[in-house]
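Okay, here we've got a single chain as structure tokens, the form predicted on its own, with questions on binding and movement later.
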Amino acid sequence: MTVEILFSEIAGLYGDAQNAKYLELCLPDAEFIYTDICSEPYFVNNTPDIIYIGTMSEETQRRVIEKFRPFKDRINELIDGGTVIFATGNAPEIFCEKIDYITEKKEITGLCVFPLTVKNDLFKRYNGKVLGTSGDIKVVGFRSQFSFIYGDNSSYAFLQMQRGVGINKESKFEGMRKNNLFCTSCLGPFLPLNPLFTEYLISLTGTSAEAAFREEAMDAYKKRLSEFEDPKVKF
């Protein structure tokens, strides 16, 4: 089992780095490769079992897109081949067609995996909770973002929202999924918050593994789920 963590020194903001640490605890026998932004990604010439990338600044986001652009065909090959790729926070936006940085008056073409457009406004931050389903798994999370994504993702959404907004305030479909590429705007320690989804994600590699500290993680998950399902709790 090989797990590649991409650009953790600049793409692990808001607690996203804990997703990689949790995977390490769940997969103690796996080889973890931490690729820095100045190095060629391991996935270019190899096929990791899992690839993870987390939240980054807007400037870093543009840098990462340009870093990935020469490897666009390889990235699509990995996606089509079923490699597990997990992107959180604003990392999913790199897979969209276009990002419009309204405040900075810049526009950049993404990797075009999904026919979606991103609008980023640094004067408008959205904060919210997430309660949705991925298949038969209930998912909880938190969001804090300057961007919303526009387009119809209903046929390839990551989450069907029960409470909270989707890729934008008019949508009830959050994130994107293509084969085993999972994209969510949730940030922070998403995997520790969702031990059932973590186990499912790992299972897609053909490996069976329990979520680390499973009893404690499930207890916290159930309590948060109960809280988020309470209609008195504001989203």
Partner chain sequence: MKKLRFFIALFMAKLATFLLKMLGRNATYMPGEVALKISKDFLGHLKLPETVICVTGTNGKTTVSNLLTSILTKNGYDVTNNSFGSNVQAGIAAVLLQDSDIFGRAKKKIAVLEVDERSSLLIHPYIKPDYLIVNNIMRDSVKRNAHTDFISYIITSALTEKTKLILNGDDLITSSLAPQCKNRMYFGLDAEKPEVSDKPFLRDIVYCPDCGAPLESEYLRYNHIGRMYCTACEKKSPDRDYLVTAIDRENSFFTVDFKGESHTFTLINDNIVNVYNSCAVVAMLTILGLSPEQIEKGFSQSKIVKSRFDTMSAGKLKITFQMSKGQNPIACTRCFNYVASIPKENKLLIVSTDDISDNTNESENVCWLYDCDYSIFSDESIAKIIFTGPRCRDHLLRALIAGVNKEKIVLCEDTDKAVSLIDPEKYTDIYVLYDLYRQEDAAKMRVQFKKLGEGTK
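These numbers were taken from a predicted model, which means no experiment stands behind them. Positions refer to the first chain, counted from 1.
This protein has a second form, the form predicted in complex with its partner chain, left out of what is shown; the following refers to that one.
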- Task: Mind telling me which stretch in 55 to 63, 41 to 49, 200 to 208, 166 to 174 gets its heavy atoms within 4.5 Å of its partner chain in the model of the complex?
- Result: 55 to 63
- Considering Phe146, Tyr150, Phe71, Tyr156, which brings a non-hydrogen atom within 4.5 Å of its partner chain in the model of the complex? Phe146
- Are any of the heavy atoms in Asp36 no more than 4.5 Å from a heavy atom of its partner chain in the model of the complex? yes
- Indicate whether Glu227 is a 4.5 Å heavy atom neighbour of its partner chain in the model of the complex. yes
- Query: Any chance Lys119 has a heavy atom within 4.5 Å of its partner chain in the model of the complex?
  - Reply: no
- Though only this chain appears here, would Asn127 touch its partner chain in the model of the complex if you measure heavy atom gaps against 4.5 Å? yes
- Query: Within 6 to 24, which residues come within 4.5 Å of its partner chain in the model of the complex, counting heavy atoms only?
  - Reply: Glu9, Ile10, Gly12, Leu13, Tyr14, Gly15, Gln18, Lys21, Tyr22
